[in-house]
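For reference, the chain that follows is the form predicted on its own, supplied as structure tokens.
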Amino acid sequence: MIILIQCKDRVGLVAGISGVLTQLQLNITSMREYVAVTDDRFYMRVATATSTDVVQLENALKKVLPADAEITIHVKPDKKIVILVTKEYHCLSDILIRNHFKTLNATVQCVIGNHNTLKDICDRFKVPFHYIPHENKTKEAFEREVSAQLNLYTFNYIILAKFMRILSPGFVAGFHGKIINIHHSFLPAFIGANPYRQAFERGVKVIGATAHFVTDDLDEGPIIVQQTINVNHTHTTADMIKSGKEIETMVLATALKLTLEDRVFIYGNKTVVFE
């Protein structure tokens, strides 16, 4: 069982929570807490080896927590995800391999692509692929078709694995805190298209990738993971793109691991990550 708590900070929170868990005979295997002093905000992640009635546990915790407490309890940690793609295969293939060998801590329900390019690899891994073209359609019409397909599945997160379409605020609002994107840049640098060409033209010495939650503000949602690698004057744009794909794959994999293990808290436009 995984228990996630965030609330206004005050004295005695850890003792109060521990007392509830002890009273309900829950064997704690891991407990991590953090206080954001500037926000006066308390965060805690607890893992237990045993479980209990979720409603009873939640009600007991509410009695010892501030009124604004957000409590999430997962009895079965394994998640379900859907993936949106366009043409690039590197992030999708990594996820499909992890899914195949059951190291993802989630199950891929389906892949939706606005191009048919990646259907073959999904077929090889026996994961349903749905082709929804965007050409000759309004954004609203395209997203209605995507939403209709998503509604056929039960899932916890939508993963944008190099999905090269900007989602509308209306679509994003329907999945608040549930859409994860991999951005081919070390945000906030080089927002938008062609970041490696931008990086090459600027003559940067590091390039990177950022995994973040999607919000209405393009590429400015809460950041989960960022990594960089060194480059120099000998790197061409093609070299940067090749290296960038490798780091994008690693960053997205790390972000998914942390998120799917319930180690990421969102508060405003920031995250607290218990690695």
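Residue numbers run from 1 along the displayed sequence. Treat the numbers as computed from the prediction; the structure is a model and nothing was measured.
Keep in mind that the form predicted in complex with another copy of the chain is missing from the display, and what follows is about it.
**Student:** Picking from 172 to 180, 96 to 104, 134 to 142, 75 to 83, which part of the chain touches another copy of the chain in the model of the complex when contact means heavy atoms within 4.5 Å?
**Tutor:** Single hit among the candidates: 96 to 104.
**Student:** Ile241: heavy atom within 4.5 Å of another copy of the chain in the model of the complex?
**Tutor:** Answer no; every heavy atom of Ile241 is more than 4.5 Å from another copy of the chain in the model of the complex.
**Student:** Applying a 4.5 Å heavy atom distance criterion, does Ile224 contact another copy of the chain in the model of the complex?
**Tutor:** Judged by the heavy-atom cut-off of 4.5 Å, Ile224 is in contact with another copy of the chain in the model of the complex.
**Student:** Would you please decide whether Gln56 lies within 4.5 angstroms of another copy of the chain in the model of the complex, comparing each non-hydrogen atom pair?
**Tutor:** No, no contact at 4.5 Å.
**Student:** Even though another copy of the chain is not shown here, does Val146 get within 4.5 Å of it in the model of the complex, heavy atoms only?
**Tutor:** Output for Val146 is no: heavy atoms all beyond 4.5 Å of another copy of the chain.
**Student:** So another copy of the chain isn't shown here. In the model of the complex, which residue out of Leu160, Val204, Ile112, Ile71 has a non-hydrogen atom within 4.5 Å of it?
**Tutor:** Of the listed residues, the single hit is Val204.
**Student:** Where, within 2 to 16, is there a heavy atom within 4.5 Å of another copy of the chain in the model of the complex? Residue list please.
**Tutor:** Contacts from 2 to 16: Val11, Gly12, Val14, Ala15.
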